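Just one chain is shown here, as structure tokens, and it is the form predicted on its own.
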Amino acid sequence: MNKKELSAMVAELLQSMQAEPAVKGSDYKPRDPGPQPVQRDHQPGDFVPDVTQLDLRKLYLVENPAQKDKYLALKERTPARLGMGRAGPRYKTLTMLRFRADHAAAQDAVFSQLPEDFGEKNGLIPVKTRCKDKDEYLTRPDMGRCFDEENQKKIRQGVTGQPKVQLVIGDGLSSAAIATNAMDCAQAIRDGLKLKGIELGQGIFVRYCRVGAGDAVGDVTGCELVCVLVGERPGLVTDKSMSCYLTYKPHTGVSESSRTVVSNIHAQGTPAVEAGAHIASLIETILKKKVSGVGLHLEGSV
């Protein structure tokens, strides 16, 4: 085979490769691209919609639903990611973007910190646990449940007498939850207890706080009941969820079952002010029954 024949063979082969492929023996037809999104050119400084502002209870992306109204009524009861639709076997772009945005917010809530003057600005005694920084707090939960001698001294000097109820606000695993909910909830608790004739001790702000730090506060102050407001581990529904832990006769080593918990305090759960009023009523009940946690429920069932 000479050079001319070889060139002709290569040209014929290339020509055959460019032919439209057959699909199941029929004529080839390009796949229907379907409806195309409207292209919008964004210039620097233009407003771009924030996917985190979309209400998950109303976000319904299933195409041509059979019972849309009933499904939307179901979604109104939960912020879970239902009815997100699909693009082939994959999530839709909007669903994926919202997932990544919520995951980023959860990470930020864990690693961010409240301002250094948060305690003083809100009239709280500022202390911190034995954790020296956020990394140690995340890796050593035990260090977040106790105080060194210097911080114990700050608590003794700041809390006068032996309070019946001691309020503790701790950053926990979500600083965003405390910044958003803690002070409104604390004020509602204080107002509710005042109406019931119950005195609330000088509030304490604990940096790098675990729930057990309230037990250590009980050791130092000798309070009858400790009320701990703490930022909870953030999830994909919200990064601002706070919980309240009430412990009667708090001390180091008290069992977890001895705590009464009010959880999901945030805008999409129980609002901070409403939660505060409920917590004040719980505190009154616990002081009367002289028991919290599982024991309180058993007392109520007798």
Partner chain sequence: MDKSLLSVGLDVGTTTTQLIVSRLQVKNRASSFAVPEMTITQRQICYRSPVHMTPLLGQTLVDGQGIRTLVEQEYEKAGITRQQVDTGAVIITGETSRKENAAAVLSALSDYAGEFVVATAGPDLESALAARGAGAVQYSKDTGKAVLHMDIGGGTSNLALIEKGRIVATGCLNVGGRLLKITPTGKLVYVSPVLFPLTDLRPGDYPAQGQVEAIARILTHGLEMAAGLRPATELLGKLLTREAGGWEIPKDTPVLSFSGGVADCIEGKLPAGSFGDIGPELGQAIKQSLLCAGDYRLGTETIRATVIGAGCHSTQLSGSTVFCRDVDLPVKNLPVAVFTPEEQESGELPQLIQKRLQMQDSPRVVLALPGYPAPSYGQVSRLAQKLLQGIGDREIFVCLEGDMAKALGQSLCLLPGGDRPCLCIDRVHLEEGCYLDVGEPVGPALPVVVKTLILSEGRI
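Positions refer to the first chain, counted from 1. Everything numeric here is computed off the predicted structure, so don't read it as measured data.
A second form of this protein, the form predicted together with the partner chain, is not displayed here; the remarks below concern that form.
The shortest heavy atom separation between K194 and the partner chain in the predicted complex is within 4.5 Å. A residue is said to contact a partner when one of its heavy atoms sits within 4.5 Å of a partner heavy atom; Q67 meets this definition for the partner chain in the predicted complex. Proximity of P271 to the partner chain in the predicted complex falls within the 4.5 Å heavy atom cutoff. With a 4.5 Å cutoff on heavy atoms, Q187 counts as touching the partner chain in the predicted complex. Among the residues L54, V62, A267, L236, the one placing a heavy atom within 4.5 Å of the partner chain in the predicted complex is A267. Residues with any non-hydrogen atom within 4.5 angstroms of the partner chain in the predicted complex fall in just one of 149 to 157, 179 to 187, 208 to 216, 122 to 130: 179 to 187. Highlighted residues V261, A277 and H297: every one comes within 4.5 Å of the partner chain in the predicted complex, counting any heavy atom. Taking the partner chain as positioned in the predicted complex, none of the residues of 145 to 165 brings a heavy atom within 4.5 Å of it.
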